[in-house]
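First, one chain by itself: the form predicted on its own, in structure tokens.
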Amino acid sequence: MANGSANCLFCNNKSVCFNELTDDELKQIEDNKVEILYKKDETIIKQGSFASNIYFIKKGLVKIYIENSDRNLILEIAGKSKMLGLTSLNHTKHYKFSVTALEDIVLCQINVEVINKIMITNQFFNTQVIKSLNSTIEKILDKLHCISHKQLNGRLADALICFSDEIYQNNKFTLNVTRKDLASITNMATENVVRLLKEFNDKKIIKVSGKNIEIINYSALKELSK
């Protein structure tokens, strides 16, 4: 991984949270952050490691997951403008999850104590950080509901809708996760993912060509996800 530099005061890619900071506070962030390039498949956060930083994604995609001895559970695929590690605020000592780059990405790594101090003195910033954290928690709860209550085809439909609507914002996209990762996202066996993708393709709900996917019948996919 390679280090770089970008001035926070003039950055056009700030999160909503950082828009609430004064110039002096942005200078504090600038003095306590480093911009890092991670290559595809590099580990950014290791579950159980000391929670000393939060991360802001400037470019690229990552997978956030819980490591288990039998099978990992992917909680979220996250991209540009996502803040990682917010659960490490307020003195949580260790990360409860791992994060790995799905492609070459650029992150800003920021010392967690600096964020904690600014949250105490800037109520607007504090509110936006809490909103961001709550949004992450809501997504995890929705995911838990999906994998515990929906049939296999509904889980896969949910995942494909998420990729289309939230991650790529297009009905045509190149899926930068493996079939095994897709199984971890949906909490099913890899062979079931492969079978259902073929079934969706045969029914002309989607068109699959290797990693390339096109959603042809969005309403049918949405119906399956209910």
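It should be emphasised that the depicted structure is a prediction, and the values quoted were computed from it without experimental measurement. Heads up: residue numbers just count along the shown sequence, starting at 1.
Unshown form predicted together with a further copy of the same chain; subsequent notes refer to it.
Interface residue among Asn187, Asn176, Asn201, Asn171 relative to a further copy of the same chain in the predicted bound form, by the heavy atom within 4.5 Å criterion: Asn187. Contact annotation: of the candidates Ile147, Val106, Leu102, Val114, the single residue with a non-hydrogen atom within 4.5 angstroms of a further copy of the same chain in the predicted bound form is Ile147. At a distance threshold of 4.5 angstroms between non-hydrogen atoms, Ile66 is in contact with a further copy of the same chain in the predicted bound form.
At the 4.5 Å threshold, heavy atoms of Met83 stay clear of a further copy of the same chain in the predicted bound form, well away from it. In the predicted bound form, a further copy of the same chain sits within 4.5 Å of a heavy atom of Leu133. Although the partner is absent here, Leu152 lies well away from a further copy of the same chain in the predicted bound form, with no heavy atom inside 4.5 Å. Residues Met119, Ile120, Gln123, Asn126, Thr127 are the ones in 113-127 with at least one heavy atom within 4.5 Å of a further copy of the same chain in the predicted bound form, listed in sequence order.
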